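What follows is one chain in structure tokens, specifically the form predicted alone.
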Amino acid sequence: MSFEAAVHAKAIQLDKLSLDMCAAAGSGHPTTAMSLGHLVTVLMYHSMRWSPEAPEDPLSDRLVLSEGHGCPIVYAACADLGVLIGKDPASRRPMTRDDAMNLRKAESPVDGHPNPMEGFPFFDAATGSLGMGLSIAAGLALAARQDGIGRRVYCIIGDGESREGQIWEACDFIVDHALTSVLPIFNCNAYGQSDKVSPQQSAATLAKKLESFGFQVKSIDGHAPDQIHAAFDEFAKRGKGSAPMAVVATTVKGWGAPSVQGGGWHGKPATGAKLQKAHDELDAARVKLTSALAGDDDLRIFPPSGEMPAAAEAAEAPSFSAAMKSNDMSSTLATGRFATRKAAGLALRALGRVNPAIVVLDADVKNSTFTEWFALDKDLADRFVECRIAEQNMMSAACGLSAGGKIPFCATFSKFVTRAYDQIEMAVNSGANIKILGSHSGISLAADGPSQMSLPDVAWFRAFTRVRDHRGGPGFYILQPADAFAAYGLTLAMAEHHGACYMRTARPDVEFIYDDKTIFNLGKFEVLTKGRDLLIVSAGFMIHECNKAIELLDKQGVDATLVDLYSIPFDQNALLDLANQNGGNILTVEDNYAGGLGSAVADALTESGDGFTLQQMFVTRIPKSARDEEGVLSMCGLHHSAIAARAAAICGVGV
């Protein structure tokens, strides 16, 4: 039988299983899946170099389904091919049709494992939130390039989804970095969720847009096997120096079954008589397009070839003082002052020299985040990725790099991190080993004003500290170093931890509090002064104001304990012990909006069931710009004199 007939036969088989899966689940998007039947068949049964027996093989080509709701068609193919599933090598087994029919149940091969991506290793990242897949594909391609392997990455994107700006951030990024191993495939079935797509997302307009971005575009009929095959072959044969290629495929939502086509069928499974009718229509299409005896003998999967280069072992990074001296900054070290953002940049350079898995991404602020120290190092430059002003793409590309085995650090102003919250959440859902460095945090930014300050970030990230990730740890660690030693040490600790971390650094140079002997561990804190009347808990830049407040309190006879709570989550029992040693009186101080450090302490106190008195100091107004830190701290009621006054009042002492 011909290749064309074999593809039609297999696509129809997978379309029918997609219908059945969604009907059994009572939810899903079978008509979107059916629009992808032929594209996925040619990819998974012929064009992609991979093996169903080893779907996670790092040498394999990858398929990123940015149009994530079309996943039933991929699950159907995996069940048909018997793709090995399971996290534990001892219990791995081929996926079956029964597995596909139970994907929404707790005992399913995906949901039954702590990490869905490890339980079902064909997918590298969660892409249910539209617009992110092409960036993830680009990250996978970057990881392959850095490893020196020829992996190709295919990414399927919906036409309605292409309205998302991140798709075009990714297109810019692919052209900037000459990522010709990525093939964007636009599935143009002409329908979104509630209506037809805009003419701006038509196949013809998308082709013109892609050409204007620098892509060579192949426009095809997405249900014509020979056209699909020719387009994918052309992509596979492209050599180094070629322009990036994209495929624009015109498809039919609900292909092969007219009764489920058109508006009103998005995310709506066919059941009962409607399901049977759709099956009958697909059977009729098979008779028309193939012979009754058609098989899949003309479909052949080609496994990847070659060997993965051996990874170099990571070595131990030098101490902060040693790193300063080796980078000709001994005189700066002697001043006893250094900004936490600079210390983080220094740590990245030190990490890059001892750990080949470290990759640094920046969003056009490398001269402010000091990731330029990494970028300008000739031995590290090929592991620095300039993302320009496109933070959403940067976070998703980092997710792809993580899936490719790298340890990505994303750096930008922490204020600009907020525009990528959705991308960060999906990275957490994917189990990504992503590290985020947000500089210029909090009100200490002063003159630049609230448009550049990051004030709600701790509250947002804190939500993830109460969630367990796929490995049983916190969904996120939030780190707020108070000085350069802490920023350096915590950056190293982030690299060692397998999981998501966010570190908040500040612009001003600040005095050293610690030295090389201090060990910084995620989930811990440091006691800076020990007292008996009051426990003051703070972090980051505000530690320095609290230190000044301690001096004022000493003069008033108030004996306070000061804790640098540099990590959230933290050792709750140890902090509660300190609170009890200070009469149960606690004051938290932070330079961001409510819901951050103070709320984390409040949760710990509430869960203990003991009696405590807690007051919180945080930013309660929208700040204005100020000449210096002193001015903005006074404006927001967080000057050390205000902290001392509040602390004294808690202890019943007038200041």
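So that there is no doubt, residue numbering starts at 1 and follows the sequence shown. What you are looking at is a predicted structure, and each value in this text was computed from that prediction instead of being measured.
A second form of this protein, the form predicted together with a further copy of the same chain, is not displayed here; the remarks below concern that form.
Novice: Picking from 89-97, 442-450, 343-351, 271-279, which part of the chain touches a further copy of the same chain in the model of the complex when contact means heavy atoms within 4.5 Å?
Specialist: After filtering at 4.5 Å, what remains is 442-450.
Novice: What I'd like checked is whether 318, 519 and 536 together line a further copy of the same chain in the model of the complex, meaning each has a non-hydrogen atom within 4.5 Å of it.
Specialist: Spot residues vs a further copy of the same chain: no contact at all.
Novice: Scan 387, 500, 358, 490 and let me know which has any heavy atom within 4.5 Å of a further copy of the same chain in the model of the complex.
Specialist: Result of the distance check: 387.
Novice: From the list 261, 572, 332, 418, which entry has a heavy atom within 4.5 Å of a further copy of the same chain in the model of the complex?
Specialist: Selected residue: 418.
Novice: Taking a further copy of the same chain as it sits in the model of the complex, is residue 173 in contact with it (heavy atom to heavy atom, 4.5 Å or less)?
Specialist: Yes.
Novice: According to a 4.5 angstroms non-hydrogen atom cut-off, is residue 309 in contact with a further copy of the same chain in the model of the complex?
Specialist: It does not: once a further copy of the same chain is placed as it appears in the model of the complex, residue 309 has no heavy atom within 4.5 Å of it.
Novice: Quick one: is residue 195 in contact with a further copy of the same chain in the model of the complex, heavy atoms, 4.5 Å cut-off?
Specialist: The answer is yes: residue 195 has a heavy atom within 4.5 Å of a further copy of the same chain.
Novice: Taking heavy atoms and a 4.5 Å cut-off, does residue 200 contact a further copy of the same chain in the model of the complex?
Specialist: Within the cut-off, so yes.
Novice: For 338-366: residues with a non-hydrogen atom within 4.5 angstroms of a further copy of the same chain in the model of the complex?
Specialist: The stretch touches the partner through 364, 365, 366.
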